[in-house]
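Only one chain is shown below, in structure tokens, and it's the form predicted alone.
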């Protein structure tokens, strides 16, 4: 039997070692462009934030220097003019302690009322609601987030206030022994309690959207494993969904807190601004820093405007502190997940 020698085809593997490919991490031009755009966008926000901080510090430094610690501990707001008709920062009394306390009180009420409602709505939309109802409710919640704050303020003033006064009377009747709900004067309208309820409605879209997004990302294998072990739907939510979404819920609550602390028009519409430290949430007296700036800005002299800028600087720093604290809490919650 004769054998035929088969010649290898051109380009076929002939046993030779192929040339080494050059592996490089050098990005392509499109990658460089994308990286530059993203980096520029991120840095621009920091630049804008720094410019705002610098502007407030520049405008309010004279007031902070003249008033000292009294600016944070005092509750008087009285502009004294000299013989030339110019406000004397050294003789005037500018203090925002009452407004700072009011800011924290109103924001706390908003968080205590708004966050449980938001988390409950997020759980319903993620795990219980039929698709038809879910689409409608998600659209409504997203639409609420786009409403101007003045609409919430007018709604609170004309519609919510009557019902809220009744709820305030019930709180005073059954919980009046607690100092926060003690009433010396039976006048329940335009109180921090009502302002807190309005802000709670305002932050519900933010907290609900964030919580719903986090709940929807719960790993499906964990959910199925819980059902396979005989867990009910609520047991699965408690054992699987809540631990997974804890950091997101905290982050959403802190974002809502920042929104509540900086709200202006809605609080100004439903709350009597009184320059006195008030921890009684049902009394018709209070205020916050943002609404005080709104109330004073229109008729303020140039020197008093600088004092208002100093108040804005304090509010800016407090909000920045809250957001930083939220970042720390979210990071720790992720580590303990």
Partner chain sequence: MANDIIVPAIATPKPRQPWAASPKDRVETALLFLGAALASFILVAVTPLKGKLAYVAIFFLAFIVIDFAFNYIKRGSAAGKDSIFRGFVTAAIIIAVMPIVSILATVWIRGHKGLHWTLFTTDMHSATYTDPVAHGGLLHAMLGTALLVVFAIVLSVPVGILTAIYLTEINGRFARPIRFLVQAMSGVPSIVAGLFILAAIVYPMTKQYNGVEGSLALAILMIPTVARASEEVLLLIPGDLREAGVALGGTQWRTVAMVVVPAARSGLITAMILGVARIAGETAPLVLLTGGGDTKNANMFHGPMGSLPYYIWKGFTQGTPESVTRAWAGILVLLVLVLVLFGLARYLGNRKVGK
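All figures in this text were calculated on a predicted structure; none of them were measured in a lab. The term rigid core refers to the most C-alpha atoms you can superpose between the two forms while keeping them within 1.5 Å. Numbering follows the first chain given and starts at 1.
Not on display, but discussed next: the form predicted in complex with the partner chain.
query = Within 4.5 Å of the partner chain in the model of the complex, heavy atoms considered, which of 79, 101, 240, 265?
reply = None of the other options qualify; the answer is 265.
ask   = From the list 201, 226, 97, 89, which entry has a heavy atom within 4.5 Å of the partner chain in the model of the complex?
value = If I apply the 4.5 Å criterion carefully, the residue I get is 201.
key: Output flag, 73, 244 and 282 jointly within 4.5 Å of the partner chain in the model of the complex, heavy atom basis   = Negative, none of the three is within 4.5 Å.
ask   = Since the chain is shown here on its own, which stretch among 178-186, 102-110, 217-225, 140-148 would lie within 4.5 Å of the partner chain in the model of the complex, judged by heavy atoms?
value = Looking at the partner contacts, the answer comes out as 140-148.
inquiry  = Even though the partner isn't displayed, in the model of the complex is residue 61 close enough to the partner chain, meaning a heavy atom within 4.5 Å?
reply    = No, no contact at 4.5 Å.
message = Against the partner chain in the model of the complex, would residue 276 count as a contact residue? Criterion: heavy atoms within 4.5 Å.
response = Looking in the model of the complex, residue contacts with the partner chain do not include residue 276, since no heavy atom lies within 4.5 Å.
message = So, residue 250 and the partner chain: in the model of the complex, are they within 4.5 Å at any heavy atom pair?
response = Contact with the partner chain, no.
ask   = How about residue 305: is it within 4.5 Å of the partner chain in the model of the complex, going by heavy atoms?
value = Residue-level check for residue 305: yes, a contact with the partner chain.
inquiry  = If you apply a 4.5 angstroms heavy atom cut-off, which residues in 33-52 are near the partner chain in the model of the complex?
reply    = Result: 34, 35, 37, 38, 39, 41, 42, 43, 44, 45, 46, 48, 49, 51, 52.
task = Once the core is aligned, please say if the CA of residue 65 is shifted by at least 2 angstroms between this form and the one not shown.
result = No, shifts by less than 2 Å.
ask   = By the 2 angstroms cut-off, has the C-alpha of residue 279 moved between this form and the one not shown once the rigid core is superposed?
value = No; that C-alpha moves by less than 2 Å between this form and the one not shown.
request  = Mind checking the CA-CA distance of residue 42 and residue 253 in the model of the complex? It differs by 3 Å or more from this form, so is it closer or farther?
outcome  = They are farther apart; the C-alpha distance rises by 3 Å or more in the model of the complex.
task = Report the direction of the Cα distance change between residue 217 and residue 42 in the model of the complex, compared with the displayed form, as closer or farther; the change is 3 Å or more.
result = Here the pair is closer than in the model of the complex; there, farther apart.
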